[in-house]
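Only one chain comes next, encoded as structure tokens, the form predicted on its own.
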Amino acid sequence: MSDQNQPQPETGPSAAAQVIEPWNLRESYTYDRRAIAEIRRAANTGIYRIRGWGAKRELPTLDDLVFLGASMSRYPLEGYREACGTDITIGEDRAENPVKLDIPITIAGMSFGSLSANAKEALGRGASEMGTSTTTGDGGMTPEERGHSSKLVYQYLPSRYGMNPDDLRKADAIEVVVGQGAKPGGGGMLMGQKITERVAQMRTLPEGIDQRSACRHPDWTGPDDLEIKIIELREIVGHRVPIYIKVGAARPYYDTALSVKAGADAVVVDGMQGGTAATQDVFIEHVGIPTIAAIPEAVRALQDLGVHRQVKLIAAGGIRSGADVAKAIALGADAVSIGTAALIAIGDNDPQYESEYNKLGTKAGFWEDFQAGNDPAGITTQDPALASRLDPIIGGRRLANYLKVLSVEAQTLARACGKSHITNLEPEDLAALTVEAAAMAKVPLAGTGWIPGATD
């Protein structure tokens, strides 16, 4: 190509305009537009950023794993004609009334206060229709959720908001929350605009004032004290229901082992893709490890203690599809828990409110200010007018449809691997597409027998 066809440098008054042309611009990898915008925001306000959702940075995920379907060396099950079980029982060894789930997908703890009463009811309705459980969150037990949840897990949190023995006895299980995937080592937040009279009464808080939950329980300082607390909780509920312990994925091997020592019937490990209603952005993006790395480490702890599949492992953090469910179980989990995906299923970030999201300076699918209390979909708000937009019956039906799809997808994959029950899936059914995923999930890189860090 001749030089005359190339862009020529300009001289004279118009030369300054040359710098705005795309071929003269190169964005810094370190100081890209987002980094520059955040520096300017921090400098202008002097306030760290708070938001909801989970990590947005690119991370290794369950998408980086694939199943090795059966063919000659393994025998697949025939379509929908041969049964593939999805049920799971939690606490059968110690609880008089263990939790029996029809599907291995539970609804994570999301509090009333963070969510509207209609949203809590919708979650309860959808979970009950599919024979699974929902969880209270950091705000106490509401009549809407208890009344429409056939299986309700009561969270016992460092804040102890709304905690009382009567509600503990109404629960079908108790989940002692030590940490959360979006903020291991950090407490929750609830902005004052969401602390209405009802929320304030349930949490024994002043109305309209920002609150920050404690980051550690006041009742114990370590696993030995936690073991005593779990014995106390069992006595309060008459040894009827199982006890879970939830940890944010940071040191999952040791946290799982210590949870077993403390007497847990189930351990919930929440990876850094897990969402939240509100916390510092620096927590969401820079604390914890990915879910794909956390599950194998928790499984290793259970195997070393000889209790794998006895003490149940529930994996959480970024579970979106039936493939995610099946892969988490193949890595060794017994069930999964979903939060953000459940909110999307009942109507969060719905395009029908696009114009209202635009007024908030964002778009449907991108809105993340759960803490603000102005959710157009009526889910993460305490504004009566907005909350009334969510019909809990319709929301519950949508959640049940979504859970049904996840279950059928997971069953389909399990049958393709020749499994008559979804928990029969195993790491040998998986291969990794990247070196990072192979190292974290501890499965071979596709087409090889190589597990980085584990084999020569």
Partner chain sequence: MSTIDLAETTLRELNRTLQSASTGSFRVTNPRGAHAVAAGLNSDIEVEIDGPVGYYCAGMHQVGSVTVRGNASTGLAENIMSGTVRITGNATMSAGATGHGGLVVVEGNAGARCGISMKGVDIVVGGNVGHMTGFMAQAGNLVVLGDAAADLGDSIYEANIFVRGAIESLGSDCIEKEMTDDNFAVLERLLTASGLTARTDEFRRFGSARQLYNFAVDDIDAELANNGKASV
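Being a predicted model, the structure only gives us computed values, none of them experimental. Numbering follows the first chain given and starts at 1.
The discussion below concerns the form predicted together with the partner chain, not included here.
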I'd like to know whether Tyr357 contacts the partner chain in the predicted bound form, with contact meaning heavy atoms within 4.5 angstroms. no
Indicate whether Tyr253 is a 4.5 Å heavy atom neighbour of the partner chain in the predicted bound form. no
Non-hydrogen atom contact Asn44 with the partner chain in the predicted bound form at 4.5 angstroms: yes
Can you work out whether Lys151 and the partner chain are in contact in the predicted bound form, taking contact to mean some heavy atom pair no more than 4.5 Å apart? no
Which one, 203-211, 123-131, 282-290, 296-304, holds residues whose non-hydrogen atoms are within 4.5 Å of the partner chain in the predicted bound form? 203-211
Considering non-hydrogen atoms and a 4.5 Å limit, which listed residue (Gly147, Gly238, Gly365, Gly361) is close to the partner chain in the predicted bound form? Gly238
Every residue of Tyr48, Arg160 and Leu233 near the partner chain in the predicted bound form, heavy atom within 4.5 Å: yes
Judged by heavy atom distances of 4.5 Å or less, which residues of 218-236 approach the partner chain in the predicted bound form? Pro218, Asp219, Trp220, Thr221, Asp225, Ile228, Lys229, Ile231, Glu232, Leu233, Glu235, Ile236
